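Presented below, as structure tokens, is a lone chain in the form predicted alone.
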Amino acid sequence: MTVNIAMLGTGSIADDALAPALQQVAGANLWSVLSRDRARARAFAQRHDASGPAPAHDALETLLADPDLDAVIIATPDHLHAAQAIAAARAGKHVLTEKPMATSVEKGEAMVRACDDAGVKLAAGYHLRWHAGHRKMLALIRAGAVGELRHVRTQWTFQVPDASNWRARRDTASWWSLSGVGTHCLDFIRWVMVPGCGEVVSLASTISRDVWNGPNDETAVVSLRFESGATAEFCCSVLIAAPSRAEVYGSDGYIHCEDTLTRFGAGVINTHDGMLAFDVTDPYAGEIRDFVAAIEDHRKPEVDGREGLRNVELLAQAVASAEA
């Protein structure tokens, strides 16, 4: 079986990460491309060998009307995700959407409902779960290598020169640093902790917007407590260029990940027992491979729409907590 997939959006994440990764996945085929600019869609389709008979589109309706199209990857600005996902679901197409899944809880709920009603898959794009080192780390944690989980800390930041990015504006995004990288920090924490520690039962945050004084977060520091009593925290920012880091602490040991929270599958992982060796692989290819397998095997994606929605709920809570 070959799954024909359309790419919605032609920005850097689609061009540099998702389309090249899709080409690595057996059973996946880039079929068509959507952009507001037909010429840009055509150039993207040519660059990445889109194989559909009409590979370039500037209207979602015509792209979705193709009966040979099976699924879409949504890589557009955040505020477009919900409407595009709902339209795709109603057209019978499976959906893999970049993170965060939606700009509000209500829109995220509507996406889940639409995909459920249509009987199509809805997956959220958290590529860090397919970092080969992270997966080896998780296997150690599940096997009890660090004992009972006590605390997880993540940090991912990047530095921007000004506030011109679309994530800085409320009309195109609900969050800035939280949308760009904080959502990944949160997903990493939940991936590691929820199975053994239960759900998040309390959350507190501090948010700063004091450099460019815009509506969305420039730096966010969020702390969480889980049902077991274990705790977690993450820091995300658009103001500082710092190493990315993830730290896992248990009753019997620890794991430190240095520069693994990136677009790439590299970095260094150290444990209380020494360095953890792993192969460097493309995490985006793993993400798409799981999406395709979920379609073929009639199962849930590893990060399904409800998990994507829970991330949105907690992002919204983080902003509300800071403003309370």
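Throughout, we count residues from 1 along the sequence that is shown. Quantities reported herein were computed from a predicted structural model and do not represent experimental measurements.
If you look for the form predicted together with a small molecule, you will not find it shown, but the lines that follow are about it.
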So which of K93, H127, H134, R190 reaches within 4.5 angstroms of the small molecule in the model of the complex, heavy atom to heavy atom? H127
Picking from R153, R167, K107, R209, the single residue whose non-hydrogen atoms come within 4.5 angstroms of the small molecule in the model of the complex is R167
Which of 238 to 246, 136 to 144, 218 to 226, 119 to 127 lies within 4.5 Å of the small molecule in the model of the complex, heavy atoms considered? The stretch 119 to 127
So, in the model of the complex, is A88 in contact with the small molecule at a 4.5 angstroms heavy atom limit? no
Taking the shortest heavy atom distance, is S12 within 4.5 Å of the small molecule in the model of the complex? yes
The small molecule contact in the model of the complex: G182, any heavy atom under 4.5 Å: no
Heavy atom of H272 within 4.5 Å of the small molecule in the model of the complex: no
Taking R40, T76 and Y284 as the candidate spot, are all three within 4.5 angstroms of the small molecule in the model of the complex by heavy atoms? yes
